[in-house]
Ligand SMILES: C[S@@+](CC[C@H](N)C(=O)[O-])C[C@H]1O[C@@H](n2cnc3c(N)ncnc32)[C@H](O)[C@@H]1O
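Here we start with a single chain on its own, the form predicted on its own, put down as structure tokens.
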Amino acid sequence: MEVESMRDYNQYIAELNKAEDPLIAEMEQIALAQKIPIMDRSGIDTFIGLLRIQRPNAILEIGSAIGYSAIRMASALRDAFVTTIERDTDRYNMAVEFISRSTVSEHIRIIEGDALLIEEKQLPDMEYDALFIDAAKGQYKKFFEKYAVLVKQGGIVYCDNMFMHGSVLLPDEELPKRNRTMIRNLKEFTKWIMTHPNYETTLLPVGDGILIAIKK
């Protein structure tokens, strides 16, 4: 039998890595039911594996959603502290609740606000080992330019949803008008960072596309 696409592999991996933590399983179910974007199973498992190899102590996340990835990161890296930013009030409140119910609440600080307007003095650390960008896709370059300066030399910037479920492969005229600018910005950011002289960058075809940029 021929494998039709990477979805077959992703589904296979997902079945092998079903959530054992009841809280994580609950969050996955709520995200699915309410159409809240969180990393899919293959993407988050790969991302966590990369973080375990890197072993960062201070992580900054742009885009908390309901706190899923922050809890996953803090749970996998018990010596790390995660700072996460979310601008949507409803999702922020959900994230606060889930984080408070987790076993790693003391390792996570969540800030409500627009990451492009947040002042550095609001952040608990001025240097980070890892930066994870998973917010408005059309603003990735702006997020990168604002926060990558806080990443230490040798630190890593991770970006999720680089494929936007295949939309980056489509010509502009085949995209819904409401998404054209966002996808165009995402593609331009990808080309820009892939050739940036100050970063060693790799784009992994895992999940919805994970970009890894190591700061030289």
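Please read these numbers as outputs of a predicted model, since none were measured by experiment. Residue numbers here begin at 1 and follow the sequence given.
The same protein also has a form predicted together with the ligand, omitted here; what follows describes it.
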Only one of 52-60, 172-180, 34-42, 185-193 has heavy atoms within 4.5 Å of the ligand in the predicted bound form; I'd like to know which.
34-42
Given that the ligand is left out here, which of V104, I110, A136, M94 has a heavy atom within 4.5 Å of it in the predicted bound form?
A136
Note which of V82, I99, A115, L131 lies within 4.5 Å of the ligand in the predicted bound form, where distance is taken over heavy atoms; exactly one does.
A115
Consider F144 of the chain shown here, and say whether it contacts the ligand in the predicted bound form, taking contact as heavy atoms within 4.5 Å.
no
Do V157 and the ligand come within 4.5 Å of each other in the predicted bound form, heavy atoms counted?
no
Give a yes/no on whether V151 approaches the ligand to within 4.5 Å in the predicted bound form, heavy atoms considered.
no
At a 4.5 angstroms cut-off on non-hydrogen atoms, which residues of 54-79 are near the ligand in the predicted bound form? List them in order.
E61, G63, S64, A65, Y68, S69
